[in-house]
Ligand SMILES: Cc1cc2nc3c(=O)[nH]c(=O)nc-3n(C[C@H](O)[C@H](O)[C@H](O)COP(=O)(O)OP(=O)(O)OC[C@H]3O[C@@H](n4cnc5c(N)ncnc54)[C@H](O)[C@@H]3O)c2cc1C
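Shown below, as structure tokens, is a lone chain in the form predicted on its own; questions about how it binds or moves come after it.
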């Protein structure tokens, strides 16, 4: 039987980051198995916003480390050709009077307590940063100058290239169909359509396919699949590359917006999406009524885009847990099995550090930050990672 020290299931940006970090930390016989093509699932659909604005302190601890990686990607990977496509344009967050403004101010304080440059700014300062902004109904504005957005393809391929450089094998077109376990129930490898492969450590980074792990183990993994739409607008006024990422907590859709392609505006809805029954990466229709509804909200905040037209649209699926935060680390009751799932829209921005943490945990090394808050057991124990904004992708 083919044998490896560790097997990673899933070739999205999380799985490839895990494989890279396993090899970097000394596990020289790493195999990653991807059912399709590397990055061909939800990674390709990501909006790739990189921010530290979280009201859950544990998330801030992860996000600020990730931001440092994205800002010096080549240095982190020790690869002068590595490029994450990171654009440092800053993050503006706006909120109307009431609970969301209070939550915004409190969340900025959470970030500052961990050394993040996150602060409240005046309306005049906000307009200098983003002259297109309409702020008549805004009570609070937050500013993270170091945040921005990156590129999913560049990030994933850099992790993949450097994982291979360190000796990892990344194999596409191989679907894992189950786990191989020894007489004591410990993981001993995986079953595939091409036969079993032995390994003493298995890490599942299957994203929207993570329910398969529940079927293989009999352990309930709370997971909802939520489809979201994203589109880009283009009009006479460009949304230039240097303009900030904008989070509009005052809009009904809790919209997020960023530059795209040099002049277009990428727009996404921050509310819960359409629940679907099974994993699906096929592009769904984005109804024009939905585009018009969201477009009205965009035009209210950015009047220059009132006459903009639809340039492109696509859909992506979130793997959502009950508190909209991931499950990370060993799966209880199955020795040798580790999981990283339920990123609920946070996956790309957290991928550098999650990959390192899962590799550390799987290799029995101390983790840079505790994984206990992200353990599966938190759901049964009622220790949800609930943020000041309530459940949702802001957290």
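Computed from a predicted structure; not experimentally measured. Numbering follows the first chain given and starts at 1.
There is another form of this protein, the form predicted in complex with the named molecule, and it is not shown here; the text below is about that form.
Only one listed stretch (29-37, 327-335, 58-66, 358-366) carries heavy atoms within 4.5 Å of the named molecule in the predicted complex, and that stretch is 29-37. Taking the partner from elsewhere, residue 205 is found to have a heavy atom lying within 4.5 Å of the named molecule in the predicted complex. In the predicted complex, the named molecule sits within 4.5 Å of a heavy atom of residue 176. Among heavy atoms of residue 102, none comes within 4.5 Å of the named molecule in the predicted complex. Contact check for residue 52: no non-hydrogen atom falls within 4.5 Å of the named molecule in the predicted complex. Against the named molecule in the predicted complex, the set 11, 15 and 343 is in full contact: each member has a heavy atom within 4.5 Å.
A heavy atom within 4.5 Å of the named molecule in the predicted complex is found for one listed residue only; from 255, 221, 197, 317, this is 317. The partner is absent here, but in the predicted complex a heavy atom of 216, alone among 305, 216, 143, 86, sits within 4.5 Å of the named molecule. Heavy atoms closer than or equal to 4.5 Å to the named molecule in the predicted complex belong, across 344-373, to the residues 345, 346, 347, 348, 349, ordered by sequence position.
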